[in-house]
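Here's a solo chain for you in structure tokens, the form predicted on its own.
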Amino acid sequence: MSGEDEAMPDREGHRQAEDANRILWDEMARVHIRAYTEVQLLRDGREILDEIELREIGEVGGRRLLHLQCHIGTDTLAWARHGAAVTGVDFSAEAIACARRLRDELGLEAKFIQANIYDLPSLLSEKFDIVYSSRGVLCWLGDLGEWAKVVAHFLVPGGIFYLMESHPILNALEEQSPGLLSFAHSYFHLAEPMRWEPGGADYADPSHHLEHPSYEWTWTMSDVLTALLKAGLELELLNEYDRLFFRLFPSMVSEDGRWYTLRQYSDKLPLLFTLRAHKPG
């Protein structure tokens, strides 16, 4: 039900879904520049990157880093503070405008480009030591194989790709009653995205109810790994953790307001995974 068995993606249909998502993310960018805790933390000079990714990526000083799906640029700018020469890319014009304003306010060096990921090779000629993507990114991709090719395209030989993302198993689960999860959806990838109607609360600001629909794709762990391997990358690590970067289920709890756990499933259910791969050469 995954990988080789899937038909070729419908790029025209996917483009329409991506265009709708871009309008949604323009809306959300205006909310998130006010609602994200990370914005104020950056203004206060504090660390917003997690110790997991700092440890698993390692030293970035003097290295060229490309951040795909950077949204309003908070993580991009955090890597700049660690000494990386950063370029952030996002398809939302409003998000990129927010990122540039935040960059200028903080006095940091960073390049921000508005582009659909699949179009980026025709717009950017630079190669990078690190390609980075993190936290809530895969569901917005309609063609994982093409995405992986873009990742490989921008890496220099020996360069690394790093991904931090919610665990794919969570796409199949719902909290049917307080503290009790059950399988409610298919774990496996479907060619067509799921449409979510407008009106739901924004994940960063629950007081804001979204005015536009979204279209999201689900991908399995094997989908992700296979796409990267087919693009020529070699896997270095794949780790799983029992915490998540947002409150996906109502019974989740947080001690710091940034990372959430399911106490009743502690050490039983993966909530997050990280992946590091490199381009041979």
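None of the values given here were measured: they were computed from a predicted structure. So that there is no doubt, residue numbering starts at 1 and follows the sequence shown.
Not on display, but discussed next: the form predicted in complex with a small molecule.
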Just one of F91, W79, Y162, F112 has a heavy atom within 4.5 Å of the small molecule in the predicted complex. Which one? F91
Where, among 166-174, 191-199, 99-107, 133-141, do residues come within 4.5 Å of the small molecule in the predicted complex by heavy atom distance? 133-141
Indicate whether Q69 is a 4.5 Å heavy atom neighbour of the small molecule in the predicted complex. yes
Would N116 count as a contact of the small molecule in the predicted complex, using a 4.5 angstroms cut-off between non-hydrogen atoms? yes
Find out whether any non-hydrogen atom of Y241 is located within 4.5 angstroms of the small molecule in the predicted complex, and reply yes or no. no
So, in the predicted complex, is W219 in contact with the small molecule at a 4.5 angstroms heavy atom limit? no
